[in-house]
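We give structure tokens for two forms of one protein chain below, kept apart as structure 1 and structure 2.
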Structure 1
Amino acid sequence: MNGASSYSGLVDRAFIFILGTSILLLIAVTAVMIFFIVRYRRSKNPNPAQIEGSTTLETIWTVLPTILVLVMFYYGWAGFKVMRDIPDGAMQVTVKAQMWSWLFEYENGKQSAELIVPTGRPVALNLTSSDVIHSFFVPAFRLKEDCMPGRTNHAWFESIRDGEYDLLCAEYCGDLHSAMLSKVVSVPADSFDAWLGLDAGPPTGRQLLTLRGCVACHTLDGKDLVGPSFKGVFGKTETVVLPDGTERQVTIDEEYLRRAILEPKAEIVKGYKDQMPEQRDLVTDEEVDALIKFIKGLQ
């Protein structure tokens, strides 16, 4: 095992202890079972005798498992307590999960589709979801916590070495659950401070497609995914389905794109499912304008 967070060793020790104990018990029980099968087989004991209970034996198999369970509880509780006690002064990052992408927002307002963190500095996560239950899971950090709509969960970690670590969703959340992937990128503290303080200006339309999770459902190369591709969509005539089930023809213009972003349930392109969450509270007017401008150019 090769954990990459400050408390991964605690988790590993608890896992190894429980696994080792289980293996030893399996071997012991199997050995005793085989011994009894051989020793008391029918050919050697045609007339079985009644065996009375043993207070000593019953005491042993009651006390020993109780001690084992208490030791397992201690190891589990020791690791759990550390994982739940967020250190004072930890850097705050808001994690926003949605089908099927991650967005990370820092205290200064900077946003990223990957979680960039400083090595050796504790990071506190405020986890939310804009649609369904997701689960923030970084195997290398031994960290997993649910992101739930309507509430904020909390977790923390401290990366102990530089590197890139897989981040995935561990709660089935729909068609593209398995593609809900990102990275935790741990860099030296001075490099992180320089990155965090870098003013790159407002995100471009292309950057917004990633930050807002649009590319999880819409491609840029003409291939359909969960939703229609953005390439060449501007100016096309499509059949859309209204909330009451009626259909009508629309031309994909700026007005339609704006409505489709802010109120996606109002007019769903025929042949696609109603899965896109409303973006009204997730994007600004300037971001909508940037998205529309970029989509218009994908001809």
Structure 2
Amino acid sequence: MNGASSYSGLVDRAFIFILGTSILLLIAVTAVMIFFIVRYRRSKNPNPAQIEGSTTLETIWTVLPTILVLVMFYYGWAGFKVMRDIPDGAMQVTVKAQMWSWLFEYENGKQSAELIVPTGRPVALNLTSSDVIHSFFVPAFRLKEDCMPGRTNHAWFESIRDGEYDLLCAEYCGDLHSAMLSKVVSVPADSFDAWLGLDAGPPTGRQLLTLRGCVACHTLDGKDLVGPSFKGVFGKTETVVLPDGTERQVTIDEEYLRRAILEPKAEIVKGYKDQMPEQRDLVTDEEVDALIKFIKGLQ
């Protein structure tokens, strides 16, 4: 798989050196082993030599591997050092991971569920998480760094080729870990600037569902994932469970939807786990209205 970041070549060089050496050593050990088994089989060599050891040999095969692994360390460190030196003036992107979606925030406040970047320009990432540990992993860039709750980790990359690259969560984060996928889309710098500057107005309800990660757990097509599907939910009557365990019937109207978004723990639809993060401080009133409007129309 071809590397697509400015430092992927250095990483691949380390891979080739380390894995290449390893394969050679494995072949050598196996070959010697098989040769000895055949050459010194009992029928051919009934009288074994009792050799206790050899200080010279012990020294050689202590010193040589030490040198070899130090070279390996050097290659690994050399590639790593570049990864950690974030260039001055790199474009800053804040990565917000949550169960089980990604949100990317640019310096001008623009938000996106896919990481759109300009080819050939360094991008610095400030990685955070709002719940558990996630890990930002783009195999094509040879880049991985965890998103930790309560702190900001840093990483950077520079895409060297236009294209779409898989972005995966590499740290186990619960039910839909394997669905926590997104893309890095690398586009020419001028089209990126155009995209970034484009003011499309406030996001629509449909866009918000993606940006806020709602669709990680709630589908739009009637299938149930971790949470109930949005399709046809408006107007239904459901049994909900209150925090003290009592149950009651509600009709899903605008007021219920508003409560369910802002304080999901207050009334949980029966049969689902209490897993949804509170959105009270995460969405504005206008956004809630847009969301409700969209869900309402989804029949």
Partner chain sequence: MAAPSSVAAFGTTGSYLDTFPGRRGLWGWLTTVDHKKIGLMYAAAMFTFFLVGMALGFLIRLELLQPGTQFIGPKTYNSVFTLHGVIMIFLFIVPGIPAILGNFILPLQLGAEDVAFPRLNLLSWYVYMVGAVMALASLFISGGPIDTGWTFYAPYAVNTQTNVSWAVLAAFVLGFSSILTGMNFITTIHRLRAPGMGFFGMPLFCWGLYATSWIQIIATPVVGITLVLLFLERTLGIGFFDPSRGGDPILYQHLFWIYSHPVVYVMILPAMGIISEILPTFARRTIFGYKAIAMSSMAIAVVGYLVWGHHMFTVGMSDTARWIFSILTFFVAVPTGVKVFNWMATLYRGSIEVRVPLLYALGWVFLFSIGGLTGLANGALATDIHIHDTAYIVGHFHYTMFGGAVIGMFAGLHFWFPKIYGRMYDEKRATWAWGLIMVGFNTLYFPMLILGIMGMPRRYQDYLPQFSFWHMVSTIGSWILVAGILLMFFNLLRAIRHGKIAGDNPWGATTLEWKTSSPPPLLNFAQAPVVTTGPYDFTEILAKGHDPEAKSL
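By rigid core we mean the largest C-alpha set that fits within 1.5 Å across both forms. Residue 1 is the first residue of structure 1, and the numbers go on in sequence order from there. These figures come from a predicted structure and were not determined experimentally.
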Please identify the form predicted in complex with its partner chain: structure 1 or structure 2? 2
With both forms fit on the core, is the shift of the CA atom of K270 between structure 1 and structure 2 2 Å or larger? no
Displaced residue check between structure 1 and structure 2: P48, CA, 2 Å or over, core reference: yes
C-alpha of W61: shift of 2 angstroms or more between structure 1 and structure 2, rigid core aligned? no
So if we fit the rigid core, how much does the CA of V38 shift between structure 1 and structure 2, in Å? 3.6
